[in-house]
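Next up: just one chain, as structure tokens, the form predicted on its own.
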């Protein structure tokens, strides 16, 4: 089964998202990489690599989708992937979609048994319209 790696700056935000995913698709392997050893916002390549390897160990070779919260977390992912093995890199896809909506759709798709590229498409397709219904618009 495809797993998910959630990379962000706030461990509390990532814990909340993981809680949502555990209810939506409890069988999907999920790991997070967020926060620093000093207890402040941020993330690091070693945390990302540890989370990635954790998920890959649990996904039976099906791969992992990485979702990030903000652009600077992408740098930590990039550095982590430079440290990853060739096999690990082949089993990873990066999502450009929104982290919350993307992770939920990816988890549901993964739980259905979909492959890595289908899980990526589901997550990348998660976008909010940015519009309020007419009766709620201000």
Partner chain sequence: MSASWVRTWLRACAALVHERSAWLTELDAAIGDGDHGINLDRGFALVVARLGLDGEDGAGGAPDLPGDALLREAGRVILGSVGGASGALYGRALQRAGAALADGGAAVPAEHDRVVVVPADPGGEAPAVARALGAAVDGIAALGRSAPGDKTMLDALVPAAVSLRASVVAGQELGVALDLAADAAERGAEATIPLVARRGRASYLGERSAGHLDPGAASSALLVRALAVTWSRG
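Note that the structure is predicted; figures quoted are calculated from it, not measured. Numbering follows the first chain given and starts at 1.
Omitted from view is the form predicted together with the partner chain, to which the following refers.
Looking at the partner chain in the predicted complex, do all three of 42, 72 and 78 come within 4.5 Å of it through at least one heavy atom? Result yes, every residue of the spot touches the partner chain.
Candidate from 82, 60, 86, 96 lying within 4.5 Å of the partner chain in the predicted complex - any heavy atom: If I apply the 4.5 Å criterion carefully, the residue I get is 82.
Exercise: residue 9 in contact with the partner chain in the predicted complex, heavy atom 4.5 Å: Yes, residue 9 is a contact residue.
4.5 Å heavy atom contact, residue 112 to the partner chain in the predicted complex: Heavy-atom contact with the partner chain at 4.5 Å: absent for residue 112.
Just one of 60-68, 42-50, 100-108, 23-31 has residues with a heavy atom within 4.5 Å of the partner chain in the predicted complex, so point it out. Every other range fails; the passing one is 42-50.
With the partner chain taken in the predicted complex, which residues across 18-37 come within 4.5 angstroms through any non-hydrogen atom? Counting only heavy atoms within 4.5 Å of the partner chain in the predicted complex, the contacting residues of 18-37 are 36, 37.
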